[in-house]
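Before any questions on how it binds or moves, here is one chain, the form predicted on its own, in structure tokens.
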Amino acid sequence: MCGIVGLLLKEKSLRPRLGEFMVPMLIGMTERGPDSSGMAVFTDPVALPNRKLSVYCGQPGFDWRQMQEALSALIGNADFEINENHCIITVGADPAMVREWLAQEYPAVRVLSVGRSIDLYKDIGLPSEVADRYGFSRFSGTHLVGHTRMATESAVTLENAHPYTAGEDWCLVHNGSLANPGSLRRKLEKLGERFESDCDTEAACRYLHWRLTSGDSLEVALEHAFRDFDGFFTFLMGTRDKLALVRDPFACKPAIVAETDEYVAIASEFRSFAGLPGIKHAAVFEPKPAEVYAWSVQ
């Protein structure tokens, strides 16, 4: 059992308050996921050719500034936005090259996401603890995806925390359990996908990414998933300009949506909506099984 939350702000004047609105939503899912928590925030994209890399290092006293000097000496200017164990690195170089350099020179540093818009934070601990640690309430942006995890099939580790990412500016959170992640993983590894955890959700994330990069639309990719995934799931996905939600064909895992002229909010349970402005006047509904729901940033 896990908790998912998502929020897309249609009203531009509210976007500086994105994190303020989301933190109570995330904390509202604590009973569904007390082990670890995370949030992917989508902001205005950085100018090309720049990319942002969200990275994590749990080593006490890690010297981020020394790493910044070393990376800047290699590629030119590298901007570091340090936040506790996390850092958002903005570079103009090929992010694949930066990832390879980090793996060789700083193996304790984990790359959590890459893209022009996405910033990703996740860590072990109660949602309130993780939110306080990284100042989630101060985050601004257009939309975000959050998750609280209750570990059932893999250990409580950073690598197994959500959200999961693949490619650029794309993430996924999951409530449910897949029975066939091993067979999916073996198939995808033969096709060149690289795994970083033993969580079933990563198999789902990389499967959908593989289908998308093979040319499928999200709707077609999910139609394949309905046939190839054995298990139950509610998936919430974020892209640079969109949130998308889907439940398995049996709708075994809960989800609820609240929509007003100002926002679209998504959660596993209604209680996470209680603090949102105008929630009494929102259109509230339960998504149907095996149907893709998507909302775009305007």
Partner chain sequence: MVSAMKEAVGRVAFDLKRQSVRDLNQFLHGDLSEVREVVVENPDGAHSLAVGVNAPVHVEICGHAGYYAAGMNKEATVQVRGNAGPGVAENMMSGHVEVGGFASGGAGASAHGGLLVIRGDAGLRCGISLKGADIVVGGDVGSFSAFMAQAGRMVVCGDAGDGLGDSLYEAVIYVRGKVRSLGADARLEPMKDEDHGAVRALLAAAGIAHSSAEFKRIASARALYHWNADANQTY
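Computed from a predicted model, the values in this text were never measured in an experiment. Numbering follows the first chain given and starts at 1.
FYI, the form predicted together with the partner chain isn't displayed, but the following is about it.
Between 230-238, 46-54, 251-259, 61-69, the stretch whose residues reach within 4.5 angstroms of the partner chain in the predicted complex through a non-hydrogen atom is 251-259. The candidate spot formed by Arg271, Ala274 and Phe285 is fully in contact with the partner chain in the predicted complex: every one of the three has a heavy atom within 4.5 Å. Contact annotation: Pro289 falls within 4.5 Å of the partner chain in the predicted complex, judged by heavy atom distances.
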